[in-house]
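A lone chain, given as structure tokens: the form predicted alone.
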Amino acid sequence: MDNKQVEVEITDLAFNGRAVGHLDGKVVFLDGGLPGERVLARITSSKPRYDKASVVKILKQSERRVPAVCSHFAYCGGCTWQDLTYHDQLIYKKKQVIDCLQRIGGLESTLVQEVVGSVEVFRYRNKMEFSFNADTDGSDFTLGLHRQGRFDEIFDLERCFLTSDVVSDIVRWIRDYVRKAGLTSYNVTNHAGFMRFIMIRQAKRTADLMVNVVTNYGEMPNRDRFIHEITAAFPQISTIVHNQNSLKSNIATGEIETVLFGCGYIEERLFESVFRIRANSFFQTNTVQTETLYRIGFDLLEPRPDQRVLDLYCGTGSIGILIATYVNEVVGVELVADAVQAARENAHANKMQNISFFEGDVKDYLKTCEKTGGRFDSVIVDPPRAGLHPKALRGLSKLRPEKILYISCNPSTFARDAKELVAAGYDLPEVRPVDMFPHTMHIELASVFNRK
């Protein structure tokens, strides 16, 4: 049945951003297409319970469809919903949250509020990563973003509308420089070549700008020439960092870091606080909407001056430092050593003396609390997409804080964890979705669990 062409009525959007239709009693997941459209599609794979297909032609167009502004939209793996009105994007994101809570968490009575839309629907990202990929014989290369669904295909970026124009300009300049300088580029299949990634951070509040060059092992060739030429072309660059990475995994981090120019970090403001962000630090990528997310979380948590708060997966300490103003004491827990160092620097820079940081695994820290009788009035958790480790979830339940503020970037793992916390004796009256990533299927959540 593969490659067969069929007509499909699209009725929904799935959690992964694909369109959903039905054919001969089976679900069809389609790359492309919007609800309300009838399309001619090519079946790309067939399973017993569902088919996958790609849209060949739109036969009847949806009223929800709008022209995509980006020339890369047809093949880029980033803004998969850019052709859907922003109003409808928020509707489908809320629908996905409700579906996860009910289907995975069994939480029929939890109220899902309307999604808080992003103030900026374009140019909102403060961080972007761009990949090199050389031809197998090393004769040429591309520098840009991944084609949809492909780890091994990179297209040359001309302009991305999620970040500022200067970021796209820097990417194009570096592509030309690498070609003129004769530097080799990394091939994701045979893992040969030097240049791997370009990661650019640009603070929204301070305009600080970092260029992080991630390469295979080895010193940057002609580094002084590179620094002189790129800073002459872009005087707004605050700092340049070189990270060496020999790992085969396709992530833009480094094992050895060298500061080539400037101080090695940028500074960003959230509310009245200033945060130092290094090349490998985690920091929310939508600065303006991060303030919205944290404000909602604090309103739900209702912190008091007499409280002791535990901040798990604290990263560089932003949310813990911000809430320290309202409570008696905050303890942050983070596994990544560089992040803990940055968190301590940020606490010092903001003159916060009632917050401390523990370097270690969350589940181990909670196990220690269980043994020593450590107590906290409230706990904040902002875990990675995988959610809470099962042992961390059990440790949190045994800690029995009065309230748990859970910030999540993945409704499915949030719903899984919420089910366990409710079973452990907590109420979840409401969830407030916050859209941090317009034109993508991703959605952030803030909610507070109250101990019964």
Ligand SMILES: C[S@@+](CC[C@H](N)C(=O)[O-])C[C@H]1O[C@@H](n2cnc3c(N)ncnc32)[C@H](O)[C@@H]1O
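Sequential numbering from 1, following the sequence displayed. What you are looking at is a predicted structure, and each value in this text was computed from that prediction instead of being measured.
Keep in mind the form predicted together with this ligand is missing from the figure; the text below concerns it.
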Run the contact test on I170, F197 and G218 with a 4.5 Å heavy atom cut-off to this ligand in the model of the complex and return yes or no. no
In contact with this ligand in the model of the complex (heavy atoms, 4.5 Å), from 142-150, 370-378, 278-286, 251-259, is stretch 278-286
Heavy atom within 4.5 Å of this ligand in the model of the complex, from candidates E158, E120, D361, E229, belongs to D361
The listed residue (P390, G36, P384, G425) that reaches within 4.5 Å of this ligand in the model of the complex by any heavy atom is P384
Notebook entry, point to check: Counting only non-hydrogen atoms and a 4.5 angstroms cut-off, does S131 reach this ligand in the model of the complex?
Noted result: no
**OP:** With heavy atoms only and a cut-off of 4.5 Å, decide whether G315 touches this ligand in the model of the complex.
**Re:** yes
request  = Using the partner position in the model of the complex, report whether Y294 sits within 4.5 Å of this ligand, counting heavy atoms only.
outcome  = yes
**Asked** Heavy atoms within 4.5 Å of this ligand in the model of the complex: does E334 have any?
**Response** yes
